[in-house]
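Only one chain is included here, represented as C-alpha cells and corresponding to the form predicted on its own.
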Amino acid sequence: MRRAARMVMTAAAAAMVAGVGFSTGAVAAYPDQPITYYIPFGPGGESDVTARFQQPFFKQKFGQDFIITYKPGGGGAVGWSQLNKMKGDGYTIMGTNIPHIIIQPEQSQIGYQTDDLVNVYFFHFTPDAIVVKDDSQFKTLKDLVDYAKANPGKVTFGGSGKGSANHLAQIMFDEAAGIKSTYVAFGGTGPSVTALLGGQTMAQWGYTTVPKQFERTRLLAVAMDQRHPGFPDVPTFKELGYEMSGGTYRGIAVPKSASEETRKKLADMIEAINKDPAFIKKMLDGGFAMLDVKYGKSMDDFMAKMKTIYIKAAKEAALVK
C-alpha cells in the first residue's frame, strides 16, 4: 500500500515537473521559427532598408530570421488593410508609417482605420529636409526663402507622393516662411532625386538619408530638434526660426488578434535591437534618426500627438475634409 502511494506521489511530482518544464520551455523557446516581416511597399525604399538593418541583429539576439516579404500597393494601404486578417501568433509583423496610416483613412474608405493597427514599437524616423544640388544657386535656406518671396510659385519642390510627409512638410514650411512654392509629386524618393539632379525641379523635400544615398546633393536644413550627427554643419529649421521637426516615422505592428503577451514580447525584442550601440551607429550613418516609442501608454500618447499634428496639416492643405 505504502509502495503504491509512493509510486502515485512520484508520478504526480514527475508530471508537475514535466508540466513546469514544458511551460517554461514554451515561453523560453519563442521565437522558435522565423518571423515574417511584411513591408507594405516595394523593395529598396527606407522601410525596406531599415528592416534589413534590423535583420542580422534579430538573428544574433534571438536566433531566428526575419523573412522580409513585400506587399506593396496603395501607398501601403494594401498591406495595412490585410494585416488584421493575418495570424496573431507572434510570427507575423508588418512595418507601419506615419503620416501614411493617419492620413489615408481620413481621405477615403481604404479597408482600415488608424486605430485598427496595433503598433508595438516605433524605432526611427527619417527627418524631413530641404535638398538641393551641390551647385544650386541656393547656398542657404535664406537664399531659397528670399527667392521664393520675390518669385511666388516659381520654386519647385519635388517630393514623394501627395499627402506624404514630404508634401505636408512643404505645406507647413510655406506657411511658416510666408512663401508660395510649387510641389511636384513623384512615385518615391529615388524619382524625386532624379528630377532634382536632372533640373526638373529646383529643390526637393526629401530626407536626411538622401545625401547618404545620392551624390551631388546637399542639405539646406533638417527638421530635427538638434542637428543630425551625420551632418553637423547643417542647421535645423528651429535654429533658423521655423518650428519644424518631423518626417516619416516607421514602426512595427502586429495583427489585432495577437495577445498582450505577444505584443509586449515583440516590443521588448525590437527595443533590444534599437538600443544596441552597433545598430544605432548603422542607422545614424545611414542618415536616419532614432526613436523609441513602445507599446502601452507611450504609444497611445505618441499616436494621439501625431494624429493631431498631421490631420491639422492635411486639413489646411485640403487633403482631407
Partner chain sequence: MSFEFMWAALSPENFLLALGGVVAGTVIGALPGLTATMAIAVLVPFTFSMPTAAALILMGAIYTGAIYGGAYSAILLNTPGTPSAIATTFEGYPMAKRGDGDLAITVACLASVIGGMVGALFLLGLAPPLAEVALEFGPTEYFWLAMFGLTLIASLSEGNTLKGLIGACFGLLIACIGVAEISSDVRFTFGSNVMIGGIETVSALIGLYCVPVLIDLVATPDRHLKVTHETRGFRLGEATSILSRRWVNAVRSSVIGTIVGILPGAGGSIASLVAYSEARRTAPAGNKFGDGDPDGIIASEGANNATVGGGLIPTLVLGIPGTPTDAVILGALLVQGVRTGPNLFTEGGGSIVYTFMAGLFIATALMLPAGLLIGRYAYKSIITIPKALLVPSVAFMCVIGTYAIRNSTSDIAIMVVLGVIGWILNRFGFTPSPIVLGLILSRIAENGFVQGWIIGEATGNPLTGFFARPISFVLILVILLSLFYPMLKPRLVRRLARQEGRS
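Residue numbers count along the first chain shown, from 1. Here the structure is a predicted model, which is why all the values come from computation and not from measurement.
What follows is about the form predicted in complex with its partner chain, which we do not show.
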{"item": "is_contact(Q170, its partner chain) in the model of the complex, heavy atom dist at most 4.5 Å", "value": "no"}
{"item": "Proximity of F186 to its partner chain in the model of the complex, heavy atoms at 4.5 Å", "value": "yes"}
{"item": "Any non-hydrogen atom of A77 within 4.5 angstroms of its partner chain in the model of the complex", "value": "yes"}
{"item": "Q137 within 4.5 Å of its partner chain in the model of the complex, heavy atoms", "value": "no"}
{"item": "Interface segment, criterion being heavy atoms within 4.5 Å of its partner chain in the model of the complex, picked from 52 to 60, 251 to 259, 265 to 273, 291 to 299", "value": "52 to 60"}
{"item": "Contact residue in the model of the complex, from S245, Q113, Q226, T156 (heavy atom within 4.5 Å of its partner chain)", "value": "T156"}
{"item": "Proximity to its partner chain in the model of the complex, single hit among K238, K149, R216, K142 (heavy atom within 4.5 Å)", "value": "R216"}
{"item": "Residues within stretch 100 to 131 having a non-hydrogen atom within 4.5 Å of its partner chain in the model of the complex", "value": "Q107, S108, Q109, I110, G111"}
